[in-house]
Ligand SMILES: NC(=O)c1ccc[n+]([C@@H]2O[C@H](COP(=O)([O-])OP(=O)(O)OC[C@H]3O[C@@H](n4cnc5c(N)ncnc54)[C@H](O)[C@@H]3O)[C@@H](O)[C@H]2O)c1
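Shown below, as C-alpha cells, is a lone chain in the form predicted on its own; questions about how it binds or moves come after it.
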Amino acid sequence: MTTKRLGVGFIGTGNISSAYLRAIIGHDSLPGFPVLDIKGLADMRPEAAQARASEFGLEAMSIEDMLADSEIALIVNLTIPRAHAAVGLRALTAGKHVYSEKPLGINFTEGKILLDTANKAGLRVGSAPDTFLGGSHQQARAVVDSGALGQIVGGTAFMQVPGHEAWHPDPAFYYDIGGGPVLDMGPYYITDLVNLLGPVARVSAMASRLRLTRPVLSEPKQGQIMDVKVDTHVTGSLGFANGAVVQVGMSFDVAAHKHVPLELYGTEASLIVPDPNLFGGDVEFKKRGREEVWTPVPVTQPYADGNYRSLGVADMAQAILDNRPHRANGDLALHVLEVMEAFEVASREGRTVEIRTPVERPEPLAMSLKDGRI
C-alpha cells in the first residue's frame, strides 16, 4: 500500500476536472489514487474553482497562492488547449512539476519550449492522454509484445463524428486555433499507437474545411454561430520506424461510419484494439486463415473497468517519489504533438513530413504493479 503522498494542485476546473477528481478521490467502484494529495483547486474564474471545490469537499485558492504553496509539488493543468503552454511555464517557473491535459501545446514550438524549460530546471512534464495505461490497451500491448501478430505490417485508426456542438456546453474552442479533430482526439489514437508500435517516422495527409461557420446545437448557447478556423476532416498515413504503415481518419464532419477505432495487421494475425479514449473495451484477435471468428482476448490487466482519468498523474507522482521514469511523459507528448502538427504541414505543402523527435515506448504498466503500487 502507498504510504508516501505528493501534494497536487489543479489549475482549470472545467468539464474534465470532475472526471479527474472522481478518479483520484474514488467514486462508485473506482478505488482512488491515494498517492495524490489534492491541496487545492484554482481557475481564472474564482467562482468556477469554488463551485468545483464545494462539489468535492476540497479547497479553492487563487492561482498565485497555489504556485506559491510549498506543499504543492505537482500542478495538474486542465486549462483550454491554447493556455496549456503558458500555464505550464508559469508552474515550472514556480518550481513545480507539470501534468497537462492534452495536447501538450497547440504547436510543436511551444511544446518544445515547455520541455526545454523543465529539463533545465530539473523538473518533470507529464501529459494526457493516459488511457493507453488502461487495462484493455495494456492487454493489447501484451499481445503485440508476445509476437503473436508476427511482423506488423500496418493498421487503421478512425475517429469520425459529426462534431461536438451537439453536446458540449461551450464547443467553440473545438473549432478555434488549437482545436480540430487531430489536436482534440488525435492524442488518444497516436499515443496508443506509439505505445503499441513505437515511434512515428513520417506522416502524409490531406485535409478539408468545407464549413466556415457552424451553429451551436447544445444549451446554454444553442443557436450561436461559431467560426471554423481549423481543418475538420483529415486523412493520412503514419509511417512507423518499425516499418508499419497506419491509415488515419479524424473528422468532425462524418454523420456515421462502421470503422472500429483501431486495428493492427500482422503477417500472422490481426488485432482489434478498443477506443483509445477509454480505459477498457474489447480486445479481439484473429489468426490468418479462412475462419471468420474473431477471438476475444481476456483482459487481465488492471484499470479496465472504469474511467481512471488521473492514472497518468498517479503514475507520475509515484515515479517522482520512487525516482523512476513516468509513462505519460513529456517526450511522448512532444513526439505526438510533432506528429499531429505534421498532418497540417503535409496537407498544406503536399509532401511527406519526417518526424524528428525521439521517443521510447513507455514501460508496460504491469512492470510497476509487482509491489502493489502504480
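Note that the structure is a prediction, hence the values are computed from the model and not measured. When you see a residue number, it is the position in the sequence shown, counting from 1.
The discussion below concerns the form predicted together with the ligand, not included here.
ask   = His137: heavy atom within 4.5 Å of the ligand in the predicted bound form?
value = No, His137 sits far enough from the ligand in the predicted bound form that none of its heavy atoms falls within 4.5 Å.
Contact with the ligand in the predicted bound form for Ile16, defined as at least one heavy atom pair within 4.5 Å: yes or no? So Ile16 counts as contacting the ligand.
Q: Evaluate Val87 for contact with the ligand in the predicted bound form, applying a 4.5 angstroms cut-off between non-hydrogen atoms, and reply yes or no.
A: Val87: yes, in contact with the ligand in the predicted bound form.
(message) Residue-level question: is Arg214 within 4.5 Å of the ligand in the predicted bound form, judged on heavy atoms?
(response) No, Arg214 sits far enough from the ligand in the predicted bound form that none of its heavy atoms falls within 4.5 Å.
(message) Exactly one residue in Met44, Leu58, Leu30, Ile320 has a non-hydrogen atom within 4.5 Å of the ligand in the predicted bound form; which is it?
(response) If I apply the 4.5 Å criterion carefully, the residue I get is Met44.
Among the candidate residues Phe173, Trp294, Phe158, Tyr265, which is the single one with a non-hydrogen atom no more than 4.5 Å from the ligand in the predicted bound form? None of the other options qualify; the answer is Phe173.
So, a 4.5 angstroms cut-off on heavy atom distances: do all three of Ala205, Val234 and Val246 pass it with respect to the ligand in the predicted bound form? So, no: the whole triplet misses the ligand.
Next on the checklist: The chain here is shown without the ligand. Which stretch in 117-125, 234-242, 181-189, 146-154 comes within 4.5 angstroms of it in the predicted bound form, by heavy atom distance?
Outcome noted: After filtering at 4.5 Å, what remains is 181-189.
**Asked** If we check the ligand in the predicted bound form, which of the residues in 80-96 reach within 4.5 angstroms of it by a non-hydrogen atom?
**Response** Residues within 4.5 Å: Ile80, Pro81, Ala83, His84, Val87.
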